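The chain that follows stands alone, in the form predicted on its own, written as structure tokens.
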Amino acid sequence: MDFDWNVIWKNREVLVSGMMLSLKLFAIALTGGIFFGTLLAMARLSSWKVLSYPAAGFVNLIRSIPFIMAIFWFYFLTPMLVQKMTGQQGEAVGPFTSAIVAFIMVESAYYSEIIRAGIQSIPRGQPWAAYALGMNYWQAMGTVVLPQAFRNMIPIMLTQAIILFQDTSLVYVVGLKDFLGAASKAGQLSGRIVELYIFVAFVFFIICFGASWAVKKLQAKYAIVR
């Protein structure tokens, strides 16, 4: 088979632009997923059923549906909700905003379970000791429980981040030109889609393999000897 690898260099600007979009989506989804995942985890562990039941229902619902279906779901639902709340006609939000909402909602559900397990790994005596020193619930969580919980969770959180980066390639289904979408478009125009898909796979392998190696190093460095 005759390969023409020059097609990668010829389309370098399109590929770099697609990678930047993928990294932007990844960074926003990771930050939002951890933030809202922490709130969901604390709500699930709350003794107030008005908080714990809806949080559990949301997490179980989101984790039960395929990721690509969630992207489609929020892609059609988000503009309808925005139009309903603002009364704006036409395209209320674009595919990027819809994808961001979908990724944050899905990732917050997955991260909430990771964070919930991390919080539960902290001995109950520690928050009670914090209360005995005069701290309230939020002070005990912020200064005693969560710092230790996040340290315990570093390996699994980074592993979930690697999965998230791989999942960003799914946004092509809503028309976004991410790294995979850019390569696909360039391949269709040049007739060299095989070379570009091989290049995309190679780049994903390098990034994910390097990140997995870093996770193992961090796990060994921050392992807690009990």
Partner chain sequence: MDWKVFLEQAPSGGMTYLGWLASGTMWTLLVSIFAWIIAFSLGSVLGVMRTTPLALPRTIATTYVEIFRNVPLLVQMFLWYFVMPELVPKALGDYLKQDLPNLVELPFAQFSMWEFTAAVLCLGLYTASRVAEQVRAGILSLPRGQTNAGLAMGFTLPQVYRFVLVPMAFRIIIPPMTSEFLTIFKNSSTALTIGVIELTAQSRQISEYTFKTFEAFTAATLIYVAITLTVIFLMRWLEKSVAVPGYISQAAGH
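In this text, all values refer to a predicted model and were calculated from it rather than measured experimentally. Numbering follows the first chain given and starts at 1.
Not on display, but discussed next: the form predicted together with the partner chain.
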{"query": "Triple contact flag 35, 55 and 58 to the partner chain in the predicted bound form, non-hydrogen atom at 4.5 angstroms", "finding": "no"}
{"query": "One stretch from 115 to 123, 71 to 79, 134 to 142, 93 to 101 that, in the predicted bound form, holds residues within 4.5 Å of the partner chain by heavy atom", "finding": "71 to 79"}
{"query": "Residue 12, heavy atom within 4.5 angstroms of the partner chain in the predicted bound form", "finding": "no"}
{"query": "Distance check, residue 172 to the partner chain in the predicted bound form, heavy atom within 4.5 Å", "finding": "yes"}
{"query": "In the predicted bound form, residue 180 touching the partner chain (heavy atom, 4.5 Å)", "finding": "yes"}
{"query": "Any non-hydrogen atom of residue 217 within 4.5 angstroms of the partner chain in the predicted bound form", "finding": "no"}
{"query": "In the predicted bound form, the one of 189, 158, 51, 201 near the partner chain [non-hydrogen atom within 4.5 angstroms]", "finding": "201"}
{"query": "Among the candidates 194, 28, 39, 45, the residue which, in the predicted bound form, approaches the partner chain to within 4.5 Å (heavy atoms)", "finding": "194"}
{"query": "Heavy atom within 4.5 Å of the partner chain in the predicted bound form - qualifying residues of 50 to 71", "finding": "61, 63, 64, 65, 66, 68, 69"}
